[in-house]
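In the form predicted alone, a lone chain appears below as structure tokens.
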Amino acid sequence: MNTHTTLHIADFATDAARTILDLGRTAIIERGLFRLGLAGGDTPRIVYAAMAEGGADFPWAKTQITFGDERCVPPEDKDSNYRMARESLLSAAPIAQGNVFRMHGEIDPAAAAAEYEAKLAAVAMRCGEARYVHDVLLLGLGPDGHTASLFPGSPALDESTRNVIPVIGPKPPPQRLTMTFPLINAARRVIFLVKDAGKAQVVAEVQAGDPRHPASRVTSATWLLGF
């Protein structure tokens, strides 16, 4: 059974940033490291900027960054999730470059997925985990109910073994890399960031477990809603 916590927040970017940073401080106190997975899109961008602005005293040196998905483009491309995160957060907060695990969208997709999977597996092994465990994994929600690059009808929805795979999406650029649901559902906390009131219906359907929507396969989540 899926479990969901919903928070309607007035100052969306600031309050979402504060929530994430508070969870990060707790993770560092309890485990010595904050493992944060980033989402792409316009809504996360404003949250990341607020995190950089409001996190002057945050222990960024103990933060490890991953990406839930990436477009298969170079890191300087306008469609790159890494570029968006770098511009809004990574260049503004003192996060060690070695702690930023970028998906290499510019190389062969199968090789990039295998490389990313191996990187996460190495950390998981050191931590005694079957899969890499995010402290917080941020996700967005598309109007079709997709999340990360897990789209309706994709064979990737039923992946049960791999943690990161190459996929083809319906929107340009179509070639993507994405985390799979086994990895997503291994996170300690999944947070959906949704600011658009036009998505209220799909949010309700996902929370009700509507099988048409890939995001319904996330088993437990906190929803930070800006409407």
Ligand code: 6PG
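Bear in mind the structure is a predicted one, so any value in this text is a computation, not a measurement. Numbers follow the displayed sequence, beginning with 1.
Heads up, the form predicted together with the named molecule isn't pictured, but that's what we're talking about next.
- Heavy atoms within 4.5 Å of the named molecule in the predicted bound form belong, among the stretches 181 to 189, 56 to 64, 33 to 41, 158 to 166, to residues of 33 to 41.
- In the predicted bound form, at least one heavy atom of A148 sits within 4.5 Å of a heavy atom of the named molecule.
- Remark: V136 does not count among the residues lining the named molecule in the predicted bound form, judged by a heavy atom distance of 4.5 Å or less.
- Contact annotation: L90 falls outside 4.5 Å of the named molecule in the predicted bound form, judged by heavy atom distances.
- In the predicted bound form, none of the heavy atoms of G105 sits within 4.5 Å of a heavy atom of the named molecule.
- Shown here without the named molecule, the chain has only K199 in 191 to 205 lying with a heavy atom within 4.5 Å of that partner in the predicted bound form.
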